[in-house]
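As structure tokens, one chain now follows by itself in the form predicted alone.
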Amino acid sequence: MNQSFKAVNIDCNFDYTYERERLAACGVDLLLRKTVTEDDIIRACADADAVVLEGAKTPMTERVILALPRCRLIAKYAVGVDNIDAAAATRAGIVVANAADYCTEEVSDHAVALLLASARRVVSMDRFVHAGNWAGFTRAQPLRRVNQLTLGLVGLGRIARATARKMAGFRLRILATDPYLTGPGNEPGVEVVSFETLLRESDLVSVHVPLTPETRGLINEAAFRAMRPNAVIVNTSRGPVIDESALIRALEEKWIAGAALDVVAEEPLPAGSALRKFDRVILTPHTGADSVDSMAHARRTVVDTIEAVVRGFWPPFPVNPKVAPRVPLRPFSEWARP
């Protein structure tokens, strides 16, 4: 085991007593360096063996990665790694790892909450009553039994599967589409269909895909025009997966009935955003993953990730598993953790 292994956290958003105590026990020196720019990161991590980050905007670009001659690992306290140039890291022999399962329960819970709130128009009713009203709530968009609706899941990864399992209790039809599936979805009660079929037949559309060049703007004008006029779209993945200008037009022209968004293209959501004007839009501030439990889970996973690499093993959740690492690694399954 390398006793001089140096890990640098370049975001530093909370207390790291837990991380430092566990990592010190395996010979890792964890340094905290608050960075903003690429140059900040390069200066802070020039001799780092591992770089740790938390934020969705921290610029782990090709320029940064190529300036890290000792780095073996880039680890993130999150699922999404769209701000890390994983291809550049792969070319450089650096393993990229995330905390892939840390918030599966929380985000799927949040998706279910938004789906049900949308189907039952809970937020609109709440605003109506808080405004001093009671009788006369508009029936312009009639309520339907949830078990008479069709739910469409765009993406069928961990969070989407958990969402499907939770929604299955309402006995509605569940469809899913995922370009990375090579066969059946293997999720009981979920019918795998084409993207076009899902849009055409779903009353509730829930988005669960990572942000990649292929998924950026995936839900565009053509997608909204293909959806049912009573449909609601829910997004708990990444804001730019939805073409926001197309969404606003779809709401204005009533191509769809509404939206529920935990993520938006620009965060924080600008005060003048047109999304704020629609009574049919539910907005939450990118908090779908949040809980005391999920944060503790993420911290354990990141420490496991660093410790595994220090001890010569692959991390539990490599993002680029085909990389040829700078230092050879054994399978994570062979690590008998103390």
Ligand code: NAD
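Numbers for residues come from their place in the sequence shown, where the first is 1. These figures come from a predicted structure and were not determined experimentally.
One more form of this protein, predicted together with the ligand, exists but is not displayed; see below.
Proximity to the ligand in the model of the complex holds for none of Ser118, Leu151 and Asp203, with the criterion being a heavy atom within 4.5 Å. None of Ala160, Leu247, Leu73, Val234 but one reaches within 4.5 angstroms of the ligand in the model of the complex through a heavy atom, and that residue is Ala160. For the candidate set Val263, Ala260, Val96, Leu199, a heavy atom within 4.5 Å of the ligand in the model of the complex is found for exactly one residue, namely Val263. Contact annotation: Asp126 falls outside 4.5 Å of the ligand in the model of the complex, judged by heavy atom distances. Residue contact with the ligand in the model of the complex: Leu251 places no heavy atom within 4.5 Å of it. Taking the partner from the other structure, the ligand in the model of the complex has a heavy atom within 4.5 Å of a heavy atom of Tyr180. Among heavy atoms of Thr215, some come within 4.5 Å of the ligand in the model of the complex. Stretch-level contact analysis of 30 to 38, 43 to 51, 309 to 317, 280 to 288 against the ligand in the model of the complex, using heavy atoms and a 4.5 Å limit, identifies 280 to 288.
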